[in-house]
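Single chain ahead, written as structure tokens, the form predicted alone.
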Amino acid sequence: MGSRLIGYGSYLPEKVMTNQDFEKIMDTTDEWIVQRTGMHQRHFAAENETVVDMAAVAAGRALENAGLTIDDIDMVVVATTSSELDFPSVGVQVLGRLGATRNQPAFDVRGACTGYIYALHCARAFFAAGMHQRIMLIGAEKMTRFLDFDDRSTAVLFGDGAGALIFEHSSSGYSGIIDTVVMADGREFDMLHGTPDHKISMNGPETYKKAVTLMPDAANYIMEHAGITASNVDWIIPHQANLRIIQSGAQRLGFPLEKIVVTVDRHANTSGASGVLALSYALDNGIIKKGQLILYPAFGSGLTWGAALIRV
């Protein structure tokens, strides 16, 4: 029992923070940022703009794209680590914001930058169990809540935004969410984590080493499990953390750079929203076409990592 992608939508806040804007408030340069990250700009949510606000807009656009209403959705899964409220979940709040009346379930997953892969993993399991007909997945983050502008090594890395995907049950096992794998190693959590005062603590060199190894490992695992090679994949959408990580991962996989979807230059790292925003961008701009096979590897705090195989 499989699924098919029937709708998508995204939201990026109005404010754009460029590298030149960072030059005005901290000891850094456009050249320094671009050389180390490949980033040129990122979107910052307004002070009064919440994760739920962004998630609800992206969800509404996905519903419009699919020609559905929120009551046509059987379950909502949200990947986020930056919700302003400890409870209730962003998913429940999105149901309320969009006027859902069916009492359908909704919940959040906290997989950090791998969150959207964890959400896809959940959806695949529910479809396989035959429990739901339509599932909406949302990745939404306000990472600017955690930025320390005295730390240029992390402040320039992150942005805000949200994306939403709607999948519907299908009798074909070779469409929609074909396969997923997720992993975690809690022994390494000190490498990248949030602090009690809501800042980001990251060992950059060690995080880089892990990311360039574990993302390709997850990608190779899922291709082997599916019985395919890189030549069978139309596009790779890696987690958009850093251009150097993306390029290194592509090299390890033997995948040409022209088949890698890159949005880190314009969105920066949006954590759990990263992959959903990148897919939405690629679909909106005609980069990815209907029927193409997408490989989705990700890596994040936890440590968490994983991959998904999707046919759009």
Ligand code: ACO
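These figures come from a predicted structure and were not determined experimentally. In case it trips you up, residue 1 is the first one in the sequence shown, and so on.
In what follows, reference is made to the form predicted together with this ligand, a form of this protein that is not presented.
J.: Taking Ser153, Tyr208 and Ile245 together, does each of them reach this ligand in the predicted complex with some heavy atom inside 4.5 Å?
T.: Yes, the whole candidate spot contacts this ligand.
J.: Just one of Ile222, Leu157, Ala106, Ala123 has a heavy atom within 4.5 Å of this ligand in the predicted complex. Which one?
T.: After the contact test, the surviving option is Leu157.
J.: Since exactly one of Ile166, Ala218, Ile237, Ala241 fits, which has a heavy atom within 4.5 Å of this ligand in the predicted complex?
T.: Residue within 4.5 Å of the partner: Ala241.
J.: Okay, which stretch from 282-290, 246-254, 36-44, 260-268 lines this ligand in the predicted complex, with non-hydrogen atoms inside 4.5 Å?
T.: Selected stretch: 36-44.
J.: Check whether Ala112 has any heavy atom within 4.5 Å of a heavy atom of this ligand in the predicted complex, and answer yes or no.
T.: Ala112: contacts this ligand in the predicted complex.
J.: Classify Asn19 as contacting or not contacting this ligand in the predicted complex by the rule of any non-hydrogen atom within 4.5 angstroms, answering yes or no.
T.: Contact check for Asn19: no, nothing within 4.5 Å of this ligand in the predicted complex.
J.: Can you tell me whether Pro297 touches this ligand? I mean in the predicted complex, with a 4.5 angstroms heavy atom cut-off.
T.: Judged by the heavy-atom cut-off of 4.5 Å, Pro297 is well away from this ligand in the predicted complex.
J.: Can any non-hydrogen atom of Thr28 be found within 4.5 angstroms of this ligand in the predicted complex?
T.: Yes, Thr28 sits close enough to this ligand in the predicted complex that at least one of its heavy atoms falls within 4.5 Å.
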